[in-house]
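Let's start with one chain on its own, the form predicted alone, as structure tokens.
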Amino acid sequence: MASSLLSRQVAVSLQHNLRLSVPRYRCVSKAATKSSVEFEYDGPLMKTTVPGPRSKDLMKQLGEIQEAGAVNFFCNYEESRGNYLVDVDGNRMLDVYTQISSIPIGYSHPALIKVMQNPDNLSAFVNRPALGILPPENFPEKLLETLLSVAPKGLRKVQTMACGSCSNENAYKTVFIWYRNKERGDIKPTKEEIETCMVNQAPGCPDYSILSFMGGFHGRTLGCLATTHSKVVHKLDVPSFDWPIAPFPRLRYPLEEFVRENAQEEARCLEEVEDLIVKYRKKGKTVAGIVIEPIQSEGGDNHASDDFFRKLREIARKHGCAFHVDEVQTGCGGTGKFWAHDHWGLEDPADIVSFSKKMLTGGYYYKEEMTPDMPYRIFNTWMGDPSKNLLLSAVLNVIKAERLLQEVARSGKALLDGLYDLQARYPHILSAARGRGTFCAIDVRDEDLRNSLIIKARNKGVVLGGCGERSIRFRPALVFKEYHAHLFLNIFGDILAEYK
């Protein structure tokens, strides 16, 4: 073991010295030499183009079983470690996308392996209970230890779910039930309401709505899809609801250089939100809730100022709407704070905060008054998975012990500074670098070039993701360090140099 660690340190030291000898424009980490983490690789290692021959064969096999057109390549997760994803052809890639932002502390982390190897945890993995009716004995304890230990400000209740879409779908139902009970007061549902709800008619099925924003993404189930406005492929041919869609601010970057123009754009959008709430109330489609992402992710990594969100929260309160913050992609530390909306400094907390992805389980936090009034109103067979709480407990311990939120701030600064430098050197290709923590993005000249750069980067050993019309988004794990940022920037810089 000692000799293995020593050889790894020597290799890293040589790598660091080599970096110092490359041309001056390359990114050089000023951080301490990479620490010897046994489960982490030293860098990318490419053997074929991606997808390689084995991946292509498996894609053909899968295509005969189900629609597999979105598959990029097949992975060898047993060999994947830390920030590195290994494919079935033996290619080792620095993963700066991490399963669409859903890997919290890297691949095959020892702390998570330990959870799986603990015989006391076997039952949670073998017996998946119907949590709504038959939860295990330790379920309340594990919720207190995990999800409630990191609950957003002002929210002390949590409902577990399986994924982001079902989390938001049930959060919307919670909003509608809360709003109708608020209107109804202490009166029980009428006979007419009970009868009409069974045939999808009012008043039993009130014509409420959720206000969402152009460019937003909240899931692919029917209710969520009505609030999703990011890509045509998600929505085409699927019936939807007549719910209001407000414009999301289209800001100019860097934000600090366009304060006046961006403030005017945000004021325009906030005015439109209020107009829509009034308009839909008049047409009998009362806005019961407003849903928004702290950073629009799938829709193009669109940002707004903290002041915009504070004012939006005030509008929701003024009109009696629930304020729902969708933290499915932004939650669990990627922006440098555990919850991205912590950056806003809200005096009045959100009513609902949904989560999934890096949290390993889905669900939503909610205020006491949002609690459904009867059992089975928010319900499905599994309602999450208690084994995920065991893994989440280990993740939270690693985040705390290794001070990963501070690490995200450091590596995020290195990444964003590097993106600023690259767009300054290649203004004909890149623009609008932006980000919070490691939750970063940059725009490419057009969609075709964006897609080409992502493929070129993959064949050079870096996994990236696209979003919006022409953006590249960065979603590394929380264990992504400054030297990983510089490694990526050097590889990406070499690719961009081909376009001079």
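Here the structure is a predicted model, which is why all the values come from computation and not from measurement. One rule holds for the numbers: they count along the sequence shown, beginning at 1.
In what follows, reference is made to the form predicted in complex with another copy of the chain, a form of this protein that is not presented.
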- Message: another copy of the chain is absent from this chain, but in the model of the complex, do 116, 132 and 238 each have a non-hydrogen atom within 4.5 Å of it?
- Response: yes
- Query: Going by heavy atoms within 4.5 Å, which of 267 to 275, 407 to 415, 133 to 141, 247 to 255 lines up against another copy of the chain in the model of the complex?
  - Reply: 133 to 141
- residue 324: touches another copy of the chain in the model of the complex, heavy atom cutoff 4.5 angstroms: no
- Touches another copy of the chain in the model of the complex: residue 232 (any heavy atom, 4.5 Å): yes
- Task: Answer with yes or no whether residue 349 is in contact with another copy of the chain in the model of the complex, where contact means some heavy atom within 4.5 Å.
- Result: no
- Mark residue 342 yes when one of its heavy atoms lies within 4.5 Å of a heavy atom of another copy of the chain in the model of the complex, and no otherwise. no
- Query: Pick from 426, 382, 338, 420: which has a non-hydrogen atom within 4.5 Å of another copy of the chain in the model of the complex?
  - Reply: 382
- Item | The unique member of 71, 263, 315, 151 whose heavy atoms fall within 4.5 Å of another copy of the chain in the model of the complex | 71
- May I ask you to list the residues of 58 to 96 that have any heavy atom within 4.5 angstroms of another copy of the chain in the model of the complex, in sequence order? 58, 61, 62, 63, 64, 65, 66, 67, 69, 70, 71, 72, 73, 74, 75, 77, 78, 85, 88
